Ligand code: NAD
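A single chain comes next, written as structure tokens; it is the form predicted alone.
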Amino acid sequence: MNFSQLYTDGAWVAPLSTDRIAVENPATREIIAHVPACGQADTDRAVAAANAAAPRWQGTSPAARIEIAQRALEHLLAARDDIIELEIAELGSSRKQTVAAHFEFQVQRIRTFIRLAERIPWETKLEHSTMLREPFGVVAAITPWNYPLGQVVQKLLPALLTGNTVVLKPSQHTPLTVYYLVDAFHRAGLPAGVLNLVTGRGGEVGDRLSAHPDVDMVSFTGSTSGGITVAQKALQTVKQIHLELGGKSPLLLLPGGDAAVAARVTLGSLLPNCGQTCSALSRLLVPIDRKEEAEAAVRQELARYTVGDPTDPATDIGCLSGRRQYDKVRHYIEQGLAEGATMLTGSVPPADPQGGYFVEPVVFTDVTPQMTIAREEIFGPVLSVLTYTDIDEGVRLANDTVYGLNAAVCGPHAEAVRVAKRIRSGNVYINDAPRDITAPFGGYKQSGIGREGGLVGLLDFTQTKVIFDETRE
């Protein structure tokens, strides 16, 4: 794959910018590739191609769009091994995590979007009118580094299947595997201009896309602060805004809940991607009289995880994505100790790592709701254990956050469901319930606007038009 090129108007082309961004392997700290650092000229060229292609792509039948997506999936599957190796290298995720979450689960997502696209209600008869669903037009998809392929799939498939054209800007830190997805659509015969790839820095390409007058919708995944910036720029031209942002998600262990299950679910959510998951359960809320039992369960479950070389099949947890993330997580760990939390497991990472950006999982106990580690999104393998005295206090603690992306309740089923309904979060898991790939994903409060995934995630890339026809019987 030639990472020195961009994809614009149906072809792999040389960038107009001469600037380049180095992509580092965070496990070895080697530079593995360089991608274009696009500026306004490259971005505007991509938007112009998407804008020109929008009318004819909207006029393409839903069945034809589905057929192209199916062919693209076949080409993506043919590149499976290359994608897995590349994603391990650019992100530092373990082979186990990369195969299961970064590739196979994304294949399931694509298949699900294709299947659900057949159920989109393009026309709905109302009492005295007809409601139509139509694409917005040009969608700017701005994606983060923590799930390089997955975050793109969540935007690209719904946007294309509903008739939008797309300008895609992946993260500057993990832009490589996206090339394979774009190439799969190219090989599948996607018409020129429908999909365009521009690489670069968020402050340049992302800002330009957000403010561009010919972009109709901006779909952004990233930090809450980044989302606010994108929204402010997009509202200058009143674009549709779709934001999937941060989280500080709780697992609430009820008095009658199984501490071992709570520990397994919490760590299973937090650790596999080295804590770099927006929906990770990073706060464990336990009854005060079960604190020691819960801590013991966490210790026992944690012993099952191995941190190490991402390429080793035995490794469970790879490394953080880069030096900036490493320093950020290290700072939070130091701050937790400074504010009086007790480090149950783990240690403070060295200020100057000799190898890759590896951090052993850290579990803090004796954490109070006011501590920084209990309130801010760390995005690393750091768990905070807090205690409560009764269910009402436990629910208050669960909701005591500016976020509301994900949550879990562990306890007797009927009671757990009642409690789950009191938690202000877009997703709530009961005990060890599996994820439903057809369900929408998104958050309350500062965790975002809109939903991704499932039929709802497809419909979020459409707008409604109502036709009032006097001749209708």
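All residue numbers are counted from 1 along the displayed sequence. If you're wondering where the values come from, they're calculated on a predicted model, not measured in any experiment.
FYI, the form predicted together with the named molecule isn't displayed, but the following is about it.
Please name which of the stretches 74-82, 132-140, 243-251, 258-266 has residues with heavy atoms lying within 4.5 Å of the named molecule in the predicted bound form.
-> Answer to the contact question: 243-251.
Taking heavy atoms and a 4.5 Å cut-off, does Phe379 contact the named molecule in the predicted bound form?
-> Although the named molecule is absent here, Phe379 would touch it in the predicted bound form, with heavy atoms inside 4.5 Å.
Could you confirm whether Leu197 comes within 4.5 Å of the named molecule in the predicted bound form, counting heavy atoms only?
-> Leu197: no contact with the named molecule in the predicted bound form.
In the predicted bound form, does Tyr429 have a heavy atom within 4.5 Å of the named molecule?
-> Heavy-atom contact with the named molecule at 4.5 Å: absent for Tyr429.
Mark Gly322 yes when one of its heavy atoms lies within 4.5 Å of a heavy atom of the named molecule in the predicted bound form, and no otherwise.
-> Close contact is absent here: in the predicted bound form, Gly322 is far from the named molecule, nothing within 4.5 Å, heavy atoms only.
From the list Gln335, Thr311, Thr345, Ser223, which entry has a heavy atom within 4.5 Å of the named molecule in the predicted bound form?
-> After the contact test, the surviving option is Ser223.
Tell me, out of Thr162, Thr387, Ser171, Thr365, which residue has a non-hydrogen atom within 4.5 angstroms of the named molecule in the predicted bound form.
-> Partner contact (heavy atom, 4.5 Å) among the options: Ser171.
Is any part of 137-169 within 4.5 angstroms of the named molecule in the predicted bound form by a non-hydrogen atom, and which residues would that be?
-> Contacts from 137-169: Ile142, Thr143, Pro144, Trp145, Asn146, Gln151, Lys169.
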